[in-house]
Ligand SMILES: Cc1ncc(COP(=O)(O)O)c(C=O)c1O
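Consider the single chain below, provided in structure tokens and representing the form predicted on its own.
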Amino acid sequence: MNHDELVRRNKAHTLTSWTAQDDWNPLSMVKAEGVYFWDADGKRYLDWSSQLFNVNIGHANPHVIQAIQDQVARLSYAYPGIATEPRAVLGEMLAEITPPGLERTFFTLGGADAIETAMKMARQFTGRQKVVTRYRAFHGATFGAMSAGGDPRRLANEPGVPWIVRVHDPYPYRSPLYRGRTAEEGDQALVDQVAETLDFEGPQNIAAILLEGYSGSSGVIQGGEVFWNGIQSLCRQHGILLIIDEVLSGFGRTGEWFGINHYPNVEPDMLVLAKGLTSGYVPLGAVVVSEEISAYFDRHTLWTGLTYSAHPVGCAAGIANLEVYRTENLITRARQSGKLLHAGLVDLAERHPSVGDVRGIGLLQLLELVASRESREPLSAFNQPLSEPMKALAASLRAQGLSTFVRWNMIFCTPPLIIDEPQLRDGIKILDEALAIADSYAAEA
């Protein structure tokens, strides 16, 4: 099939997410290798978003493919009550790399059901009901996870679960809390506001605070040490569990094993994983819990379960992925490549007036585009369809062979961890050309 036929047949008998089906105008994809993929007409694309921020080790890694093939041939499925070798080995490996005190893992099929599991465990462990989350966060598309994420994609399905309490975000570029304050002062004001929210809700009613280890698809909006130390202190003061969502920011994406590693004083009670755990080669998610929570469920039933929990093929893929991260030194490489990427994006900002902000770390970075740097008016409004300027920019990127996420007024820059310097420069060059389009709209505004 060529591209047109492939798209036509996909649209005829399948549905896609987050869009009206008539508006779906997808790329096709028939082959992928390294940081590239090819459409059905043979056009090559630079995968600037690692697909859905998950193909961390790049496409078609032979070590992972061989591990999957070997596991399918040996044991393709075991129900979750059976002990298997890949389950044991991957659990041991995760205990080695996750923050201290996290010892045992419950395996799921992906990130959303891992978030669901973490919230269930927190509520069962504490006997409390409420979970505090951020407005600008995405934790998955199942009903509870969607409620937990403040991302506006939740709105169409509301009311959601009734026990989610949302707080505001550490967003120095736009939050009123940060106006006239340094980033550290703004972080402290936000922590004080969170503390007030806990008082309003009753700390004795709150099971957990759920935060992304490093903000992802909501805009790479991240607090500093003052914010994180303050949240940790509030959790300890009130006996509230701290759940860290590393689904997107885990496994080297930020230049550390996990985003929360950038804040050494923070000690999560649970770590939620997916995406880079298998780099998307097969589905797998995980919740890694503290010794205290683990001991509780030694004596009490864990009231949750999944048909595909601890799937042996998924666990085998996870083992092979962790081996690739180590043998190819991808965590360090992501840190180094992130510095090159950030320098390139800052250079673009200096030359393009449509760039209002550059933020992120490692290979989790973005450009936020504005009609005016002085007013900071976004080039496309929050929670609205893409504006004409952003549509034109997205079309330019696609025409030039760069595939990434353009959301609201943001361009995400999250390539696979294996990307090299020439490939990074190719991506920045394509962005440079596309930003000239945004500049023309900003100048008109």
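Start at 1 and count along the sequence shown; that's the residue number. Since the model is a prediction, treat every value here as computed from it, not as a measurement.
Here the subject shifts to the form predicted together with the ligand, a form of this protein not shown in this document.
With a 4.5 Å cutoff on heavy atoms, residue 148 does not count as touching the ligand in the predicted complex; it lies far away. Mapping the unseen interface onto this chain, residue 318 falls outside it, with no heavy atom inside 4.5 Å of the ligand in the predicted complex. In the predicted complex, the ligand sits within 4.5 Å of a heavy atom of residue 275. Interface residue remark: residue 287 is not counted as part of the site for the ligand in the predicted complex, having no heavy atom within 4.5 Å. Note on contacts: among 171, 125, 138, 228, the single residue with a heavy atom within 4.5 Å of the ligand in the predicted complex is 138. Scanning 356, 280, 186, 110 against the ligand in the predicted complex with a 4.5 Å heavy atom cut-off leaves one residue, 110. Of the candidate stretches 305-313, 242-250, 331-339, 91-99, only 242-250 has residues whose heavy atoms lie within 4.5 Å of the ligand in the predicted complex.
Residues are counted as partner-facing when one of their heavy atoms sits within 4.5 Å of the ligand in the predicted complex; in 192-213 only 212 qualifies.
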